[in-house]
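Shown next are two forms of a single protein chain, provided one at a time as structure tokens under the names structure 1 and structure 2.
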Structure 1
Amino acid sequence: MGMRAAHAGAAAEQVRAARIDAAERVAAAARARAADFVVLCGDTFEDNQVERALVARVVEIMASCRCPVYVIPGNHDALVPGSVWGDGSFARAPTVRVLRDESPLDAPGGVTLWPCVARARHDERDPTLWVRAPSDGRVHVLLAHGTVESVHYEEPWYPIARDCAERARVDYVALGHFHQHLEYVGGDGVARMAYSGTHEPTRFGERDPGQALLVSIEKAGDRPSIEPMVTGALRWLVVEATLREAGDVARTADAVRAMGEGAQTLMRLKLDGYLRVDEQDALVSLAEMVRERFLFGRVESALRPAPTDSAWTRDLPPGPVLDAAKLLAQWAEPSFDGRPSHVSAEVAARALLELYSMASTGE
């Protein structure tokens, strides 16, 4: 919460508002499903400098869950002097509890929580090493914020071992930090660790974001039931298109248009390949449509000018590549009647373009 969303351009305000709406949907889901309690595993806030009015609004939403809400600080909102966790709104919400110590505490439903608190932006130590749950018949849940082994993340801090659940002897490990939904299956074939991902997508390229997890554990040792619940609304789409033939720009525009209205969609259209001279205006129109049709739209072009004729072959050094180019140029002429019966002019033209691609990029 409080994400600046500069990467969304003029849509940044709507992106920030969507995160509030999604938080309200999380609270509504907690009420509808009669959750025993809710946990937030770090990075509830973008940083410790977010506006205090936003903190108060978020606390109000947490309190609306009508059940206890347990929150651990993450690396973005670490428990440091002057952090958001000192805001007075938390003291005015008795059902919202910020966990500040590495010590177990009892939660509703016969559950013991083991909170791992982030006290710095960066830390190279596994925050879960202190946890050793007893076999006392209670359901033990570890709350952690960090990077599980094998996750490639831009902020690889607070490393967490994949066997954390087994080593700590807990029934479930609720994870924060990674923005996508991801579950980890232990040696017993049971998933006892999971990232829920963010409640609302944050950027392009995320897999299965915009979710909360409803986790049910009947009794100690049971297999957790992990049910994803969609809470996000915005779609962050990445569409890639390679332009090779005449009409590809128009076909790409038709494909984008077929995606429907985009009031809730942020679009990143990535183009590569070759642009023909007579399709430059069509490309401008495509870029305008992407910007106007969606909440946010951007065209990223890696296009190169397509050859208008085979004159480029004169720059090739003598040898098999030049020989192939000359032959393909002949075969690509529709009026040429000396090409093999199994080769069409269209196929030859496509092959010549591929050869041009390799030659122009040094391949």
Structure 2
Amino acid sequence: MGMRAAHAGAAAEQVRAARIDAAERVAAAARARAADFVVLCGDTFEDNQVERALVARVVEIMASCRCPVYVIPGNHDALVPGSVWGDGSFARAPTVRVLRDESPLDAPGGVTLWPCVARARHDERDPTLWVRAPSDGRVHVLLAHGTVESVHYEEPWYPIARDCAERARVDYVALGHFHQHLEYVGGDGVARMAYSGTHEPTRFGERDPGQALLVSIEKAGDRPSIEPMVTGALRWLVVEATLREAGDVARTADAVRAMGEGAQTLMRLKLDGYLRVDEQDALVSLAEMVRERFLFGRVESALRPAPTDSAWTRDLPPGPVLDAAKLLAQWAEPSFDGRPSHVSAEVAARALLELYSMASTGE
């Protein structure tokens, strides 16, 4: 919640708002499925210094689950002085419980929770090492925030061993930190450890985000049933197209159009390859469509004038203008190595397009 969304451009506020909506869907799912309780395994908030109004709204959503909600601080919202967890709204929500100590506590349904609390942004110690659950017939659930070994993540803090569930002798390890849904199967072939991923997709290029997990354990020692429930709404699409032939711009536009209406879609359209003279207008239309059709749309063009397309120079007057066009066309080819050091292929291509545009206007 409250994340920075610079990558979403002008849609940053909508992206943040979508995360609130997704949180409400999680609460609704908890009510609909009569969950015994809900756990949030850290990084509920992007930072401890988010708006307090946002904190109050999130607590309100948690309280609407109609069941106890157990929250552990993560590395982004670590339990430090002045953290979000000191906000008064938590005290006004009796069903929302922030777990601040490493001590087991009983939860509904014969469950014992073992919370691992993050107290700093960075920590290279395994937060679960203190857990050794007894064999007392209760279902033991470990709540942790960190990076399971072998997960490649830009924030490799709070390392957690893959055999955490076996070592801690718990029935399930609920994990937070990694943004994507990921389950870990133990030596007995049973998945007892899982990241739910974020409840709403966060950025481009994520796999299986936007979910909450409904975890059911009948009794101590039973195989946990892990059911992903879709809670996210936004689609973050990256479409890459290489234009080679005439009509490729139109075909790309058709493909984008076929993706449907995009009020919930953020799109990066990456174009590479060659642009033909007669497809310039189509490219402009495509860029406009991407911008207007989706919540966020950006065309990243690395297109260059097709070297085989003589139309780029056909209508230019002979002499310096034509010479300049030919020189720019040569420089616009990325593989050409005789380009002056201060000139990039991208700028040369753009200069050629400018020249063509002026020549067309001047006719």
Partner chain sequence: MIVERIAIEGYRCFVKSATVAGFGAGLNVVSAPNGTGKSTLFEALRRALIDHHSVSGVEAEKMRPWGRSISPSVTVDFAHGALRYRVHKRFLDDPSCELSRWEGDDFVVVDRGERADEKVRSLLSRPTAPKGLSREAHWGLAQVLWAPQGMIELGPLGPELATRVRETLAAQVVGARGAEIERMVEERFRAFFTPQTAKLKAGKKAPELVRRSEALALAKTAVDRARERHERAALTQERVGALRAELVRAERERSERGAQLAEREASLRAFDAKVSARAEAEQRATVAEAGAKSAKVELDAWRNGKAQLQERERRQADAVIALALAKARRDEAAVEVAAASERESRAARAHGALSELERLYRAARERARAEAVLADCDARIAAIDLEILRVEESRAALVPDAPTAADVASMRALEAARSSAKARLDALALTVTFDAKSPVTIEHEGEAKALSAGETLTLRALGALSAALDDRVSLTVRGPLSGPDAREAEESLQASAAALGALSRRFSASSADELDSLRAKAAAASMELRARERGLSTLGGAQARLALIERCREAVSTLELVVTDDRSESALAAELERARIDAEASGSIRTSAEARRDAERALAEREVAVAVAEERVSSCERATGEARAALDELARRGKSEAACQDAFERAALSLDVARVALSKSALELEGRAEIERAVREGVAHCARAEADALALRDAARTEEGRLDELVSGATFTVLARAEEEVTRLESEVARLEVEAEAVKLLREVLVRCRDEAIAKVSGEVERAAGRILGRIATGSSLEVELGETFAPTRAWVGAREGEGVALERLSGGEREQVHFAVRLALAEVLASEERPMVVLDDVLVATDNARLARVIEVLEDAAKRMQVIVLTCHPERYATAREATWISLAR
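Residue numbering: sequential along structure 1, first residue numbered 1. This one's a predicted model, so the numbers in the text were calculated from it and none came from an experiment. We call the rigid core whatever largest set of C-alpha positions still superposes within 1.5 Å between the two forms.
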Structure 1 or 2: which one is the form predicted in complex with its partner chain?
2
Core-aligned C-alpha movement of V343 between structure 1 and structure 2, 2 Å or more
yes
Comparing between structure 1 and structure 2 on the rigid core, is the C-alpha shift at Q330 2 Å or larger?
yes
So, does V321 move by 2 Å or more at the CA between structure 1 and structure 2, with the core held fixed?
yes
Provide the displacement, in Å, of the CA of L352 between structure 1 and structure 2, taking the core as the superposition reference.
23.3
After superposing on the core, C-alpha shift for A287 between structure 1 and structure 2 in angstrom:
2.5
